[in-house]
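Only one chain is included here, represented as structure tokens and corresponding to the form predicted alone.
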């Protein structure tokens, strides 16, 4: 695998970052994940805008312009055999003496890689659990400091599930690594954007292709009584949840509305 690190394209096993990088020491950085279909980058402008928003939120200037990012992405995709893949990019504040305050002079660390995206025609339904949302109050920043998300996803794995759906003060926020939708009496609903939710690109795309969908708070009771539950992300696309906390969702089978939105998404 060929990766990009601070201006160089090189094999993954040769990529090195100093131990005083603030990403390693503090988790001081942000990241982005972008899907690529048939060698074509999907929703690039939207992903780069979300990256810009995250960078602005942590007071770190974007080290590259759109043209430079695009050239890096296209080169990586080409040198890693193209096709369907996902691009992972990470920017940290850089290497500096360990101190909580921002260093006065520092060069950001830029790392980019691509990984194969193993897509299937019809995704298999999944199981999920619910967890208390123990994360901080700026989940709209795509921060590399993901320990709470890791703990929640691991709790799901240990329970024989794929995802953890997070509850804060009695309402659904999102998944450990996804956004959440429910279907209630035929109506598609997802929580509105706020500081507790990452503004998902796939989430927004579902709202785009299903204009009747609503952005409303979802109570824990609504989640548990929903006819359908879905989780969305850039790499897993739209997955139906048929079991929540070891109880069937709706009929316990894949729902008709999910089948409809999947076809719309695939056509797009």
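Everything quoted here is computed from the prediction, not taken from an experiment. Residue numbers count along the first chain shown, from 1.
Although it is not shown, the form predicted together with a small molecule is what the next lines describe.
- Residue 232 belongs to the set of residues with a heavy atom inside 4.5 Å of the small molecule in the model of the complex.
- Residue contact check for residue 80: none of its heavy atoms lie within 4.5 Å of the small molecule in the model of the complex.
- Of the heavy atoms in residue 240, none are within 4.5 Å of the small molecule in the model of the complex.
- Remark: residue 162 does not count among the residues lining the small molecule in the model of the complex, judged by a heavy atom distance of 4.5 Å or less.
- Only one segment in the set 222-230, 29-37, 64-72, 206-214 has residues whose heavy atoms sit within 4.5 Å of the small molecule in the model of the complex; it is 29-37.
- Only one of 76, 182, 176, 89 comes within 4.5 Å of the small molecule in the model of the complex through a heavy atom, and that residue is 176.
- Within 4.5 Å of the small molecule in the model of the complex, a heavy atom is found for all three of 142, 198 and 201.
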